[in-house]
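Heads up, the chain below is alone and in the form predicted alone; it's given as structure tokens.
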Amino acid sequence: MDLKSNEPFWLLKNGLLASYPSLQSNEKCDVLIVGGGITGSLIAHQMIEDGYTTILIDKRELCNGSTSATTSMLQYEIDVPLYELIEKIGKKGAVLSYKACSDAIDTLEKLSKMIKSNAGFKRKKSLYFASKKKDTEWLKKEYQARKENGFEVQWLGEEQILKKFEFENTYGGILSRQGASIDAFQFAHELFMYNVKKGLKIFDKTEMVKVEEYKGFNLVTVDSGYQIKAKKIIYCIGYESKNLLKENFVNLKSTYAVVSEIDKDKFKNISNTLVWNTDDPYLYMRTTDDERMLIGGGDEDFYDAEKRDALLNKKEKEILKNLKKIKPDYHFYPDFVWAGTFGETKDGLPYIGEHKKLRNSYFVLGFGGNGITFSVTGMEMASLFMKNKKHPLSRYFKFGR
């Protein structure tokens, strides 16, 4: 499955940050991680920190799947509003899920400082505004649900949004204190390099083709014919998990993003804010650390990479047309346009846990707009899994829920 297209900004901005060999010998380890994106980098870090001998494989160059196409907006807000999630799974699970994403942002900041990252982690607020007058009623309900459950939020009227952000045609919104942005592509590479020095073994351009299950370990054969004997396998393969698990647990979507030329002046008032709205699909935007504007949206069902990519020009125009509604006088000069594939679950939550069809294995699949923050929660959950313990969120993130 092709997960990106055309010109992903992060891939071109950073170039080839590191290269690793393919597997050319038989190996054994405590933990084999399959998938070398941002999720794999976080889980590998946790496994090395916990003292396990760890190997990671990826069929591509590292981070060249979804991680190169991500918008890297770090939010505690899940795609399903809190008040709706409470109705779906109960107050305890809903609030725990939101708080886990909030805590994940703090963890990422600490990790960035610890490894002396240059990936541009930056604290930001988050503005979630009503794009239609009829959306104001439920958005105020969402504001109350967050406020009552301890999240630092403020309601802004349309005049306040106009004054603070110079956005027209809005109908009020929620300003959250907790949020951030990062270059996830660079950060994942930095985490990999940090942990290679601590014993992590990485083999890219190495595809898993067969898994044989035994009592107490799995034997993995890769495309070169060599084998890895692993006590546990942790799958961090995102949307490609649908190829491994032949069941309908996630809907694949295509999303589109545009990055502007460098503009030092036009969007200074949102340089410290993540912005998204109540449209379906929603428009979202953030600034980059080199003073560009990244805008995305136009999501629709994914059929195949060719059909998705054929819509690039149409979707670029659609996204910029939506921008014109709130910034009528601003002319956006596109520099990069690309599409990516992501997964959408019925409750906006990830799948993190064991699967009944696979022994000695664990999945960390962060779906929706919170893939990165869910993966940080997955670090703690995977650590407990290795010790045969359960996490408070296990029941809400499990397969078959």
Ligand SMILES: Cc1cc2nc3c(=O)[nH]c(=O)nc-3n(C[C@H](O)[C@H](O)[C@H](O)COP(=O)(O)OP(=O)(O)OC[C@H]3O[C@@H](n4cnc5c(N)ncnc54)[C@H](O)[C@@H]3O)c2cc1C
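A residue's number is simply how far along the shown sequence it sits, counting from 1. Predicted model, so just to flag it, every value in this text is computed and none were measured.
Although it is not shown, the form predicted together with this ligand is what the next lines describe.
A heavy atom within 4.5 Å of this ligand in the model of the complex is found for exactly one of Ala94, Ile237, Ile234, Ala104: Ile237. For the residues Ile57, Ile48, Val376, Val31, the 4.5 Å heavy atom test against this ligand in the model of the complex is passed only by Ile57. Using a 4.5 angstroms limit between non-hydrogen atoms, Gly35 touches this ligand in the model of the complex. Tyr284 belongs to the set of residues with a heavy atom inside 4.5 Å of this ligand in the model of the complex.
Proximity of Pro334 to this ligand in the model of the complex: non-hydrogen atoms within 4.5 Å are absent; the residue sits far from the partner. When this ligand is considered in the model of the complex, Ala44 lies well away from it, no heavy atom lying within 4.5 Å. Partner contacts here mean any heavy atom within 4.5 Å of this ligand in the model of the complex, and among 133-141, 204-212, 83-91, 325-333 they occur only in 204-212. Contacts with this ligand in the model of the complex, taken as any heavy atom within 4.5 Å, map within 73-96 to Met73 alone.
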